[in-house]
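In the form predicted alone, a lone chain appears below as structure tokens.
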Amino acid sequence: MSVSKTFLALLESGASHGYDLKHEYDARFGTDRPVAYGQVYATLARLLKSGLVTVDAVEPGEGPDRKRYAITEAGVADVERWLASPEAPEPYLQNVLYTKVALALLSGRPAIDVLDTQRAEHLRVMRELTSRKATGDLVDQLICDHALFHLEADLRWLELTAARLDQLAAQVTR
């Protein structure tokens, strides 16, 4: 996820301090991966340098002065371009799971064990996500659905690969 683009889009609703921006980001998008304070201020500095935000006000505080950031017209245009452009699908052509299976076959280890271990881990995570989805709000449900659909696709691949292990072994060990 692009933290800088997300910050810009959040600033469209009004000027904000870095501290408040971090908390809004974490509450809406960073439940599982909150953004670090250092990243917040480094990102705001880059946005400021590139002219996408401006310092709207400087307020004295107990520590350093607090800057309030506002989005510029260039920042709004940047958000519009970002929202209008599709994300590149990730085809996972350099797949770690395939690499592990192939290396197990090459080394004479049982590749089915690699697949079984991975299947068990996928199912464990799917159970956690299903539980979270059942108790979550609409946002949690949508995020969990997205992850579950990807994990289901991985499970289908694991099953297909298990069914073709003999063929794969013959090809890999040539």
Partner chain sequence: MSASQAARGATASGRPRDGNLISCTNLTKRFGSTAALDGASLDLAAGEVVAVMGPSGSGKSTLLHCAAGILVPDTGEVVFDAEQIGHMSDRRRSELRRTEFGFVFQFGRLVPELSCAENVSLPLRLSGVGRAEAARRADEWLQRLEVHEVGRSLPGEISGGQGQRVAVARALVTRPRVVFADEPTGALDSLNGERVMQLLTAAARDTAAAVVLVTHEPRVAAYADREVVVRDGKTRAS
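Remember, predicted model here, so these are calculated numbers, not experimental data. Residue numbers count along the first chain shown, from 1.
Heads up, the form predicted in complex with the partner chain isn't pictured, but that's what we're talking about next.
- A heavy atom within 4.5 Å of the partner chain in the predicted complex is found for one listed residue only; from Ala57, Ala45, Leu123, Val139, this is Leu123.
- Though the partner chain is absent from this view, in the predicted complex it lies within 4.5 Å of a heavy atom of just one residue from Arg109, Arg119, Arg132, Arg28, which is Arg119.
- With the partner omitted here, the stretch from 66-74, 34-42, 101-109, 143-151 that lies within 4.5 Å of the partner chain by heavy atoms in the predicted complex is 143-151.
- Within this chain, Lys49 is remote from the site of the partner chain in the predicted complex, having no heavy atom within 4.5 Å.
- The closest non-hydrogen atom of Glu159 lies within 4.5 Å of the partner chain in the predicted complex.
- The candidate spot formed by Asp113, Arg127 and Leu155 lies fully in contact with the partner chain in the predicted complex, as each residue has a heavy atom within 4.5 Å of it.
- With a change of no less than 3 Å, the CA-CA distance between Tyr19 and Gln141 is larger in the predicted complex than in the form shown.
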